[in-house]
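Only one chain is shown below, in structure tokens, and it's the form predicted on its own.
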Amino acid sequence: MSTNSRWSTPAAEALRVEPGFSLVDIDTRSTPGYDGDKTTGTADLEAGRAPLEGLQERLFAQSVAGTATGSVLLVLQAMDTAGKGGIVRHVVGSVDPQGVELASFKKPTAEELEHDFLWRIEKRLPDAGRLGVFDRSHYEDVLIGRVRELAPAEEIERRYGAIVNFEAEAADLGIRVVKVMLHISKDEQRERLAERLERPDKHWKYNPSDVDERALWDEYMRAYQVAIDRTSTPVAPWHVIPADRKWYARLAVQQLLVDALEDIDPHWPAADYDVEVEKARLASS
């Protein structure tokens, strides 16, 4: 459920991929389901911090008490500059970091390449009571892997089915998988890369290879379309978020996380000691 009335349609419903979905038809500056503007969106993001923090704290408390049965995994995928880091800082960053497990999957190591592509991913699934975040994920292996032909075509094809099975098994373990593609336009990416070059404090975020990847933009969009078509399932649906407006993307992810946590419905764990006895002991100490 949405935490404010400006969502005319719940975020999960407005952004969830349905049959017939077409990535190229998405307006990357649109705000599906949300009737506000940047001013109200920024205010609503701030207002949404407390509900998200409260739900996550109860979930983490259950983890500490050993009573947790569920967890949430946020999977973030996007072209460079689309705002994954902003989501981690401004949305995930509003909750207790003790209960967050963040993983960022870069180029596989020599050891990782000796195993199936999901080997390194399985080890980073969140424990019960935790909020896991994949800043890039197993989908790199069917996105850049497909575009850059890092694996044979038949292996890429096999991976789609392996991902579906993997995510279904994660769901069986009580993990709510929230898959998000932050979808920006090629023009917006150019502007964000240009800003990085103009600001010395952002030079560290610029990678010359980003320009090389831009030459393959259409190939990446096709790879995303195929991956979304092949791996969006009832237990792990894809949500495509127009991301040219950063405030909207952050607000939408916040709402998706609140929905997932409300589905788990975590409660404060009961004390495993006599509260009144402890009050008396403390008072006399």
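Numbers follow the displayed sequence, beginning with 1. Every value quoted in this text rests on a predicted model; they were computed, and no experiment measured them.
The same protein also has a form predicted in complex with another copy of the chain, omitted here; what follows describes it.
- Look at 242 to 250, 59 to 67, 219 to 227, 31 to 39: in the model of the complex, residues with non-hydrogen atoms within 4.5 angstroms of another copy of the chain sit in 59 to 67.
- Contact annotation for residue 96: at least one heavy atom lies within 4.5 Å of another copy of the chain in the model of the complex.
- With a 4.5 Å cutoff on heavy atoms, residue 24 does not count as touching another copy of the chain in the model of the complex; it lies far away.
- Residue contact with another copy of the chain in the model of the complex: residue 85 places a heavy atom within 4.5 Å of it.
- Residue contact with another copy of the chain in the model of the complex: residue 201 places a heavy atom within 4.5 Å of it.
- Contact residues in stretch 100 to 126 (any heavy atom within 4.5 Å of another copy of the chain, taken in the model of the complex) are limited to 102.
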